[in-house]
Structure formats: C-alpha cells, structure tokens
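Single chain ahead, by itself, as structure tokens, in the form predicted on its own.
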C-alpha cells in the first residue's frame, strides 16, 4: 500500500486496524561512473514496496535526500546539513504519529544517514512519544545480503558504489551490466573527509569497490533477500503496547 496513491479516508480506514508505517530513506549522490545518482533511495523504495506488499503494510513516500556532504565534489549530488535532516525526519514522524501511526519501520539505503536517524529516534522518545516504536533496517547490511554479496564479489564490494547496491538498481532499471575501469586509490586521508578529499583520493567516486562486477540478475537476488529478511524481522519484533 503506497500512501501517496491513497486518499485521506483510505488512510483513516487503514488506521482502524493497523498502526504500522514503512518509511524508505536514502540520498541523491554519485555512485561512481556506472551507478545511478538515485541508487540509495531507489533501493530503499524497492525494498520497502516489497515488504509492504508482503505484510499488507502502508509505505510512506521516500525521503530522497540525506547526509551526503562528502560527495559534493561530484556533479548531481545533493546534501542536507545534519541539523536540517534530523529536524525534517522528526517532523515527518511527529506528523504520522499525530494521525495514529505507532510502529515506524525505516528502510535505509545510505550509510551516511545512520547516525542521524538514531539521534531522531532518541529525541522523539525523549520528548515522550508514548507508545511509538522505531526500527532501522540498513538493507545492504542484512546478514543474508552480506553473505551473498561475499559469494559474488569477495572483497571487491568495498564501501561505496558497491556492486551490491549497483546490481539492485540495475535490476530495477533493466540494465544488465556496465563496464568499469578501476582507478588506483590516490593516497589516503582520515575519515571524515571533505568532498574535495574524497574526489582526490577516489577520483571515480567508487570507494574500494568494483561496480564493474554488478549484474542486474544479482540485483533481483538481493532484493528478494532484503524483502524477506526485513519482513521476518518486523513479524518477530517485540513492541511496547
């Protein structure tokens, strides 16, 4: 169930029997010369849609921008300041809570969002958001996904523009494969890095990864694994009534 395509009366009817909501979050940022700029939110949207369909659970519109300041030296990337991002997420949760949603399941596609999302969960509970529960699922870090990624790519998955995430978007976009020429890492810099430092050290935008290994057929496997894993986790989750 996609909240965007429903009316307010249909949402009100849903809330008479269920109070769960899935929120996909991601980013708009470079993913190397072969990966899509929308990779992070496209992956989160696809996984969320699959979980929503499997569990008959409502899926909110995705948050397509995130914490991506270190990618700003690559054209097309966009970022939000941490304070702005956290304030926006908190207001989204407050809004849905006001209507009666209580179980919030966040499907994340971008590692740079993780700390901020955790801070928002803590702030809202600190405010006294009684009865609300929050869960964060980083789809690429799920054990089932990591195991298959290791099988396909060994130590070439790396940290960014990984063949795992690129494969999933290739599957969604109907792309089989795109060639990639590895460029040696140029020096090193301690993390966190500025956008200019990232561009200098990782000139292609891929970070210790080989997106040339990505295949659309692999992406279907990752999508199915992520959907099933998160659906199982939601069904088994203990919540405070």
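Positions refer to the first chain, counted from 1. Computed from a predicted model, the values in this text were never measured in an experiment.
There is also a form predicted in complex with another copy of the chain; it is not shown, and the following applies to it.
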Quiz item: With a 4.5 Å heavy atom cut-off, would you call residue 131 a contact of another copy of the chain in the model of the complex?
Solution: yes
Quiz item: Any chance residue 190 has a heavy atom within 4.5 Å of another copy of the chain in the model of the complex?
Solution: yes
Practice problem: Mark residue 23 yes when one of its heavy atoms lies within 4.5 Å of a heavy atom of another copy of the chain in the model of the complex, and no otherwise. | Solution: yes
Practice problem: Consider residue 199 of the chain shown here, and say whether it contacts another copy of the chain in the model of the complex, taking contact as heavy atoms within 4.5 Å. | Solution: yes
Quiz item: Would another copy of the chain be touched by all three of 179, 220 and 232 in the model of the complex, meaning a heavy atom each within 4.5 Å?
Solution: no
Quiz item: Considering only 63 to 91, what residues come within 4.5 Å of another copy of the chain in the model of the complex, judged by heavy atoms?
Solution: 63, 64, 65, 67, 69, 70, 72, 74, 75, 76, 77, 78, 79, 80, 81, 82, 83, 84, 86, 87, 88, 91
